[in-house]
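Quick heads-up: it's one chain on its own, the form predicted alone, in structure tokens.
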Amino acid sequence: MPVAQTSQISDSPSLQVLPTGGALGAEICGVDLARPLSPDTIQQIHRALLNHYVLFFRRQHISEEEQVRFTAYFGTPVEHVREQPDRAIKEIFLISNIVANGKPIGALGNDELTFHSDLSYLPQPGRISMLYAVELPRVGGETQWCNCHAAYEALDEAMKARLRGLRAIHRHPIARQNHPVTVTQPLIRTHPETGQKALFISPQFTRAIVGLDLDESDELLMFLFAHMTQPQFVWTHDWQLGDLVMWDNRPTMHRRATFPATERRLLKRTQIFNDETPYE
């Protein structure tokens, strides 16, 4: 489970890691993401991410260039695989229901997005994702994260043994988003930096378990989905304007609540992917 104490970041006495007290997550206080960060601060934020899986920074005022720079401290920011209108900074992916001149300015609308780990339908899926809140609806649109490591640890030994070595097919519901070759991922994923094991399946993208008949596969997946999304494994982030949230996709999955179509929502996303292949 994530570390459950407040900790100082060494090169800035005002910078603190404040755990949420929930299943995962911590607030990082005392850092201005519009400014370049020192190597020690970057290292401490990275360590906090490994401990807490989801980090959020309140009251940020950053440009797209500054968001990309912050993302680059943790890997190589890349353009999202989904098509979007042309934009000056390709690494920024707009998540929005706003329509301008008769066309959506971003992707994903206002409907619920069920639990998933980003881009798990690709051979090398999402590692770190970040969202910066520019416009928010008055109600709805909350994001929840699931602690897939804690969910794995809570399984009994018989179930853990049953899952070992199994792989599952991951596919995006929109066919053109998928890789040309069917992608399978291990049901149990080992984090390459911490060695922790986590369940690596999701209601959004996991279709079937390889080697099981369909009924057995469906039964096992439904059991695991219900297990993983119990309240003790889930934490909800209530967005505020200026929030930047970053998360590690390897031990987590996340979902977004629906919000009224008449309300505007705009978040700017950056992402690091295509640099790790999941393994058990």
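We number the residues from 1 along the sequence you see. Computed from a prediction, not measured in an experiment: that's the story for all the values here.
The protein also exists as the form predicted together with a small molecule; that form is not presented, and the subsequent description refers to it.
**Student:** Among Ile209, Leu163, Leu131, Ile92, which has any heavy atom within 4.5 Å of the small molecule in the predicted complex?
**Tutor:** Contact with the small molecule in the predicted complex is made by Leu131 alone.
**Student:** Judged by heavy atoms and a 4.5 Å cut-off, are Arg167, Arg171 and Arg250 together in contact with the small molecule in the predicted complex?
**Tutor:** No, none of the three is in contact.
**Student:** Any idea which of 186 to 194, 98 to 106, 112 to 120, 150 to 158 reaches within 4.5 Å of the small molecule in the predicted complex, heavy atoms considered?
**Tutor:** Partner-contacting stretch among the options: 112 to 120.
**Student:** Looking at the partner-bound form in the predicted complex, is Thr143 within 4.5 Å of the small molecule by any heavy atom?
**Tutor:** Residue-level check for Thr143: yes, a contact with the small molecule.
**Student:** Residue-level question: is Leu267 within 4.5 Å of the small molecule in the predicted complex, judged on heavy atoms?
**Tutor:** It does: once the small molecule is placed as it appears in the predicted complex, Leu267 has a heavy atom within 4.5 Å of it.
**Student:** Answer for His254 alone: is it within 4.5 Å of the small molecule in the predicted complex, judged on heavy atom distances?
**Tutor:** Contact with the small molecule, yes.
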